[in-house]
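Given next, in structure tokens, is a single chain: the form predicted alone.
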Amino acid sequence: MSKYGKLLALIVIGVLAIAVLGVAGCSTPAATPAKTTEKPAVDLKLVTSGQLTVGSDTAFPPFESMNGNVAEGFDVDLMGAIAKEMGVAKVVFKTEIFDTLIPTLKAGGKFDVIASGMTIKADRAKEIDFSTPYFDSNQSLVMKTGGVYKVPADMASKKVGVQSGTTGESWATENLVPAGATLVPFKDAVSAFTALQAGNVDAVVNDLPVSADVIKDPAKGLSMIAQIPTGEQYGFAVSKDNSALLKAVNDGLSKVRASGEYDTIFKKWFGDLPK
């Protein structure tokens, strides 16, 4: 081949190379994977991986109650929102009698956290760890409409229904029993109010927000005769050997409050926000 022939060949090869590069430059680039908005599950010590299992006395409306086989209420919605912030997609509520919640949590293996309108108390905090408070409450005394209560002595010779293991039972023991009342313990608040309607007890001492929910139905013929200021605060509870879960719950609660979702859930179940 002459030197001119070689030169022509090199020119052709160069043109082809440029064309190939041009085609490659105009091709569609590989799609970048879309960023997922789903949060990864937090690495926590849970009874069931990827699931927050909650122990609760589900006869304590409007905090928790059963609608068929489904738990609903303020605590249920709030715990669901907190779990979402924690990156845990599934929340399962398991029904327990209130005064067995703490020993069952301590024994382990059944549920991860207690969400049951539980008042933060020093004696309870010796056995379990509480979250930051999420609800303020007081006690109340409910009777059939027309009942009278001004001082503890008005309960002399009266039967007063209480829920076992609660702060309502503690208050009644300290204030009404010395005045001559007889306490009748029940496994849950619903049973106590049912007994009051039936005339099996004369009054019920119970957490104020629950009593307020019960007496909303005028057909029950019940009235809140007294509001009892006890300055209680509810908290969620976890085992003392699960500090990572406690931190996750507290962080989640803080985020739910900051986002305004707490207020939305509160208004759904209680109406106006507390002043």
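Bear in mind that the values here come from a model prediction, so they are computed numbers and not experimental data. The first residue of the shown sequence is 1; numbering continues from there.
This next part talks about the form predicted together with ligand GLN, which is not shown.
For the three residues 112, 236 and 250, a heavy atom within 4.5 Å of ligand GLN turns up in the predicted bound form in no case. 118 is the sole member of 142, 192, 82, 118 with a non-hydrogen atom within 4.5 Å of ligand GLN in the predicted bound form.
Heavy atoms within 4.5 Å of ligand GLN in the predicted bound form are found in one stretch of 149 to 157, 86 to 94, 172 to 180, 118 to 126, which is 118 to 126. With a 4.5 Å cutoff on heavy atoms, residue 167 counts as touching ligand GLN in the predicted bound form. Contact check for residue 98: a heavy atom falls within 4.5 Å of ligand GLN in the predicted bound form. By the criterion of a heavy atom within 4.5 Å, residue 213 is excluded from the residues contacting ligand GLN in the predicted bound form. Using a 4.5 Å cut-off on any heavy atom, the residues of 51 to 73 that reach ligand GLN in the predicted bound form are, in sequence order, 57, 60.
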